[in-house]
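First comes one chain, alone, set out as structure tokens in the form predicted on its own.
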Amino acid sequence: MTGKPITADEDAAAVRARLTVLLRAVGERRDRVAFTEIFTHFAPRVRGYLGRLGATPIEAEEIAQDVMVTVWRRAELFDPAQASASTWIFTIARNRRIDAIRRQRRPDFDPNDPIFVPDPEPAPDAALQTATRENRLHAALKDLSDDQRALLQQAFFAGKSHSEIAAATKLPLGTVKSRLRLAFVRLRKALEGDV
């Protein structure tokens, strides 16, 4: 490696070839001189590119540093048959910018968000009230006629509509609705303690 900076008056094909050699030297031998040349050549260009993609100067600097660290660590993955050194490095930069945008769009973690706050412990008498209501409901269900209980099971456990229940039981739709309504009235009274 020469350590001589790449200049604008060099032939484009020669520059591409030289960058490929430099990048392969970094990948194969962790050549620090080659990496210095790559860094000197690409770091300002990557920052400018990121600025054109909408990054602030600070973001562009941080992402460019991350890109160059990735180039150092992953240079052995560079394949000149797949892309030029410039294309490979600028693709890394573009992907890092996309990642940064995605992170910015994610809301910040709020530990006080209701989804993260556990439900309060139920009051001691709540379990007793729940058990009492369940017992009343079971008793009220037993007190229903077989027809009403069967209709409730189809409506709530099978998830059938009133029309589907009427078709399955061969009952008129009005009869299905009235039996369900009467069953609800009885259940409501039982749960309110009126039975």
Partner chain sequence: MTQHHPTEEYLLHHAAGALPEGQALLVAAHLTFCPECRETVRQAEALGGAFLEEDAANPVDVVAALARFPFDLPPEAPQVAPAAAPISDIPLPLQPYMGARLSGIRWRTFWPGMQTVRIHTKSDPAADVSLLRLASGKGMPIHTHGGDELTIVLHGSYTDETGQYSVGDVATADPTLTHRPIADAGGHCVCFTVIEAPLKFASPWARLAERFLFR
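These numbers come from a predicted model, not from an experiment. Whichever C-alpha set is largest while still superposing within 1.5 Å between the two forms counts as the rigid core. Residue numbers count along the first chain shown, from 1.
What comes next is about the form predicted in complex with the partner chain, which is not displayed.
Participant: Can you tell me whether residue 114 touches the partner chain? I mean in the model of the complex, with a 4.5 angstroms heavy atom cut-off.
Facilitator: Heavy-atom contact with the partner chain at 4.5 Å: present for residue 114.
Participant: Counting only non-hydrogen atoms and a 4.5 angstroms cut-off, does residue 61 reach the partner chain in the model of the complex?
Facilitator: Taking the distances in the model of the complex, the answer for residue 61 is yes, it comes within 4.5 Å of the partner chain.
Participant: In the model of the complex, is there a heavy atom of the partner chain that lies within 4.5 Å of any heavy atom of residue 167, even though the partner is absent here?
Facilitator: No, residue 167 stays farther than 4.5 Å from the partner chain in the model of the complex.
Participant: Even though the partner isn't displayed, in the model of the complex is residue 90 close enough to the partner chain, meaning a heavy atom within 4.5 Å?
Facilitator: So residue 90 counts as contacting the partner chain.
Participant: With the partner chain taken in the model of the complex, which residues across 116-141 come within 4.5 angstroms through any non-hydrogen atom?
Facilitator: Residues within 4.5 Å: 116, 117, 118, 119, 120, 133, 134, 137, 138, 141.
Participant: Please check if residue 23 moves between this form and the one not shown, taking a CA shift of 2 Å or more relative to the superposed core as movement.
Facilitator: Stays below the 2 Å threshold, so no.
Participant: On a rigid core superposition, would residue 36 pass a 2 Å threshold for CA movement between this form and the one not shown?
Facilitator: Not so; residue 36 is displaced by less than 2 Å.
Participant: Could you tell me whether the Cα atom of residue 55 shifts by at least 2 Å between this form and the one not shown after core superposition?
Facilitator: No, the C-alpha position differs by under 2 Å between this form and the one not shown.
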